[in-house]
Structures are given as C-alpha cells and as structure tokens.
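Starting off, we have a lone chain in the form predicted on its own, written out as structure tokens.
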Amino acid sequence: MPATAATAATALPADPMVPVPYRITRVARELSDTFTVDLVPARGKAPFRFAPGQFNMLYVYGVGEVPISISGDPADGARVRHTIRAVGTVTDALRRLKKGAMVGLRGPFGTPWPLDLTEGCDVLIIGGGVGLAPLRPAIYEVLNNRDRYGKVCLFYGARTPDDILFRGELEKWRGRFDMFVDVTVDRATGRWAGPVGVVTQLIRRGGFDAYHACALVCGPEVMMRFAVPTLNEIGVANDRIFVSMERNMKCAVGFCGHCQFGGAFVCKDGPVFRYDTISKLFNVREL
C-alpha cells in the first residue's frame, strides 16, 4: 500500500508497550451493554492521529487492558472516541468509570481500511451489531472526501430495533442524497416497520456497480462468512473485499502470539485483511 496521510498514521509510538495517561471527558450509553467514551491526553494537547480501522489498547489501572477499535472521526484530533461493548472484566470496569477518570492508552495499532485504494470505486460498507463502530471512522472519512468515491452504500443489521447502534447517525446518513443506507433487524419488535432478516439480504438493494465496487465488512464472524459469498454472487471479487478480524489480541505488537491467525498476527497484519489473503483460513473455526 503506498504511503499516504492515512497510512502514515499506522506508525507505532516510540515505546508501544508503555500506556499513555488519558482522561475520560464523556461517557455516553449507546445500548444496554454498549457505551462510548471520549478521551483526551492527561498531559499536553497533541492531536491524536489514526487511520480508520485501527485500534487502541485501553488499560484500566489495577484491572488490565483490552483492544478497542477507534470509532471517532479521523478529522477530529482533539479527542479519541471508543465505542465499547461490556463483555468481560476489563470492559465492565471501563463501563463503571465516570467522567474525569484516568485510563492508559497504547496505540494506534493495526492496518486501516484501504480507503486510498477504493478511490473512484463504489464503496459498500456492511456492518453487523457493534461491528458498525470500527466502520464508523471509514464512513466519516468517505463522507469528508465524498467527491473521491462513487456510490456509497451502508448496509447494517442488528438483532432487534433496540440493538441498533448509532441510530441518530444512521437516520442522518439516510437523509443524505449522496449515500444509500439500509437497516434490517433479525427480530422486529415495537413499531419497527423496516426490513426483517439478515443483513446479507440487503446487499442487492443498493443499485451499485458490483464489478467496480469495494466492500468493507465488520461484524460477527458468522455474518461475515455469509456476506462474502453474497458479494461474490453479485460480482464483487475477493481481492476487493476487506474484513476486520479483531480477535484474541493481548499485546498489540505481536509478542504474545494470542492473535496468531495462520501465518499472520491479527494485531500486526490486521485487523483489516483483504479477503483473498485469508480466504483459506477464514472458515476454519478452530483458528
């Protein structure tokens, strides 16, 4: 990948194993088990630069650390935003923190969504559940540079209407004339009148040129496994499909080996992978 302003952000800090103190300036509940925190440096005001798709390691003092994708706008260097689902000891501890609390931050780490390579193409963004959070910076980046891309389509699926992440932004994006947004739920409740079913059912509805499209996919692995053949069926080749494979990361720099995926390490060689480079391993559930 050629060096660009986006990919330059992948450079590691001077000592990637040392957490930098950050202060929480905002905590917002998104869903019953999901929340967003905004962080600023505890010392100094240096802007935080990252590329869409990268992640940080967040450290709760006395508890441990966890990899979390950055979910904010890459153009906003004044704060670092993470949307987190509370599913374990560290993320539960993060949920209990209040405005003003301190956390340690290492990063950014990992490979970004290849938005420089998708310029001139139709862009398909396919998310499931909290997988929309790692995709949101890519959406911001595309919309901030809208003239560089063809048709932009966002397909998102959630379990129920109450589980729809970033509902306000989805409604705002859906109101744009230069973007197609479609949302589905696995199970309709309340007054939901939208589509019901898996997100892959939406993909054929965008009116894009599949033979000149690139797809960014993030969500539960079962969703991604079904999304890829659906994209193949309509003409999107594997070398134009990119998936985020965040899993089992512990150190973020390839020392511990917890995230080894075949011959690759998710933390260093991912989390974003071009699908044709991992297709032989992707459906091996033991990995």
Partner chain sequence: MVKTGGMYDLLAEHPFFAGMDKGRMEVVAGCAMNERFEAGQYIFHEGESADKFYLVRHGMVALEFHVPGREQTVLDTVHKGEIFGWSWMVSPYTWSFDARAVELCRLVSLDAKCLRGKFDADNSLGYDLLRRFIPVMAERLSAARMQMIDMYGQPPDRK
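Nothing here was measured: the structure is a model prediction, and the numbers come from that model. Numbering follows the first chain given and starts at 1.
Not pictured, yet referred to below: the form predicted together with the partner chain.
- The partner is absent here, but in the model of the complex a heavy atom of Gly194, alone among Gly207, Gly175, Gly120, Gly194, sits within 4.5 Å of the partner chain.
- In summary, the region of this chain contacting the partner chain in the model of the complex, judged by heavy atoms within 4.5 Å and restricted to 112-120, 133-141, 157-165, 71-79, corresponds to 157-165.
- Contact check for Leu39, Phe48 and Leu170: none of the three has a heavy atom within 4.5 Å of the partner chain in the model of the complex.
- Interface residue remark: Val222 is counted as part of the site for the partner chain in the model of the complex, having a heavy atom within 4.5 Å.
- The closest non-hydrogen atom of Asp33 lies within 4.5 Å of the partner chain in the model of the complex.
- Although the partner is absent here, Asn145 sits far enough away that none of its heavy atoms falls within 4.5 Å of the partner chain in the model of the complex.
- Not displayed here, the partner chain is approached by Arg85 to within 4.5 Å at the level of heavy atoms in the model of the complex.
- The partner is not shown here, but in the model of the complex the stretch 105-131 reaches within 4.5 angstroms of the partner chain through a heavy atom at Gly128, Gly129.
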